[in-house]
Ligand code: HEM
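Given as structure tokens, the chain that follows is alone and in the form predicted on its own.
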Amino acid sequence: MKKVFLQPMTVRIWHWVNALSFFVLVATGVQIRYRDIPNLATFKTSVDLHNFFGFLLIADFLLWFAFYVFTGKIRVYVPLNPKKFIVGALRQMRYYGYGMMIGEKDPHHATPEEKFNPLQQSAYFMVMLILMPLQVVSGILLWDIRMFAGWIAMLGGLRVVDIVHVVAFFLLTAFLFVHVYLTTLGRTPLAHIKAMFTGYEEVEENE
């Protein structure tokens, strides 16, 4: 086995702050939206926690975006070669749907330059560059509807902004379940999770 350094310290810190914030936002968001469910906290506490971790998530996202843009690493999220992307995506779909069931090896071998397989790349592109900005902007507008009344009206009204926020929430939450499941598909069930703590992932020498 050999170790490949995939996750810099900045990325690992961002990841775990993002994960903590997201879990708290999901819990408090459900509490705010559905007030009849069993209460884990008062409504005011839920709102205060939601606001605090919402701004923490925004700050974390902006730091992530700045790091990836200024270091040029943002390209790992963008498929630059359409032909290579399509071929790789089909190969990866076959692996997830059949190959891994019969013991085949993952056709994608992560490197610092190509951390994600094509399916991961397209999913993270959608999540980080489309859904997260929508969630951030709609969340800020809903944080103070009086202050941002003009912007809300320009975007179609409070109902439209609220729907965007809730739909983005459901899509991001659905992605979370898929993401957690996929982390267990490494060389061992905890290999990918361990790499997000240490920065290193172990792979076979011939890979």
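All figures in this text were calculated on a predicted structure; none of them were measured in a lab. When you see a residue number, it is the position in the sequence shown, counting from 1.
The form predicted together with the ligand is left out here; the points below concern that form.
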Just give me the single entry in 61, 68, 169, 53 that has a non-hydrogen atom within 4.5 angstroms of the ligand in the predicted bound form. 68
Which of 174 to 182, 139 to 147, 160 to 168, 29 to 37 has heavy atoms within 4.5 Å of the ligand in the predicted bound form? 174 to 182
Indicate whether residue 115 is a 4.5 Å heavy atom neighbour of the ligand in the predicted bound form. yes
So in the predicted bound form, does residue 77 come within 4.5 Å of the ligand, heavy atom to heavy atom? yes
Answer yes if any heavy atom of residue 127 is within 4.5 Å of a heavy atom of the ligand in the predicted bound form; otherwise answer no. yes
With heavy atoms only and a cut-off of 4.5 Å, decide whether residue 122 touches the ligand in the predicted bound form. no
Check for me: heavy atom within 4.5 Å of the ligand in the predicted bound form, for each of 5, 105 and 109, yes or no. no
Those residues of 5 to 20 which, in the predicted bound form, come within 4.5 Å of the ligand by heavy atom: 7, 11, 14, 15, 16, 18, 19
